[in-house]
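A single chain comes next, written as structure tokens; it is the form predicted alone.
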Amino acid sequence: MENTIKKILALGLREESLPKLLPLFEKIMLPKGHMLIKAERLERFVYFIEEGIARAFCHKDGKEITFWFGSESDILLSYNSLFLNKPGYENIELLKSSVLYKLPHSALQNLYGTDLEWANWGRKLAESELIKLEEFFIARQFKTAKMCYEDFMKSSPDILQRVQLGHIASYLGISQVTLSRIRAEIK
């Protein structure tokens, strides 16, 4: 539970508030390839990755387009389901056998509604994710594929070593051939 607690505390929560959350968690172990969240479905849980790695993707024109990777201490959720109570657009697949902590949306929403510190934690989580999304969007608009790959190498070296190149190429919005060329240039 160490990775999960680190992530929660990193967003500004005081340790004294953890006892309100920890009893609500359910520890689960799932195999590589498990589809944790499926598009077009209303998801009722938030997941914290204790051990493992995952990717979020959508289908477009018969292809899987990866738009996010998560590893230890990251949070897996469907934003539409959590915030709007609507089916999500994303699929989240486990790329390695994983240990996760599962938390019902209702329990998290209850904490937000009854405890100001937890409500602020939720706001900080949303702000943090929004900033990451903005940085990703700006990079895709103004940087070359090579620059995006170099940024990915610096920011996510652990993911680079643990994920198929096809998923990384999809995430960067390039073909595997282009990714191979970029990797050859950098070596």
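All residue numbers are counted from 1 along the displayed sequence. Just so we're clear, the structure is a prediction, and the values are computed from it rather than from any experiment.
Omitted from view is the form predicted together with a further copy of the same chain, to which the following refers.
Listed stretches are 37-45, 56-64, 23-31, 155-163; the contact stretch with a further copy of the same chain in the predicted bound form is 56-64, by a heavy atom cutoff of 4.5 Å.
Using a 4.5 Å heavy atom cutoff, none of Ser17, Phe69 and Glu72 lies near a further copy of the same chain in the predicted bound form. Among residues of the shown chain, Gly173 is one whose heavy atoms approach a further copy of the same chain to within 4.5 Å in the predicted bound form. Taking the partner from elsewhere, Gly52 is found to have every heavy atom lying beyond 4.5 Å of a further copy of the same chain in the predicted bound form.
Of the heavy atoms in Ala169, some are within 4.5 Å of a further copy of the same chain in the predicted bound form. Taking the partner from elsewhere, Ala107 is found to have every heavy atom lying beyond 4.5 Å of a further copy of the same chain in the predicted bound form. Shown without its partner, the chain has Phe83, Leu84, Tyr89, Glu90, Tyr112, Gly113, Thr114 in segment 81-114 as residues with a non-hydrogen atom within 4.5 angstroms of a further copy of the same chain in the predicted bound form.
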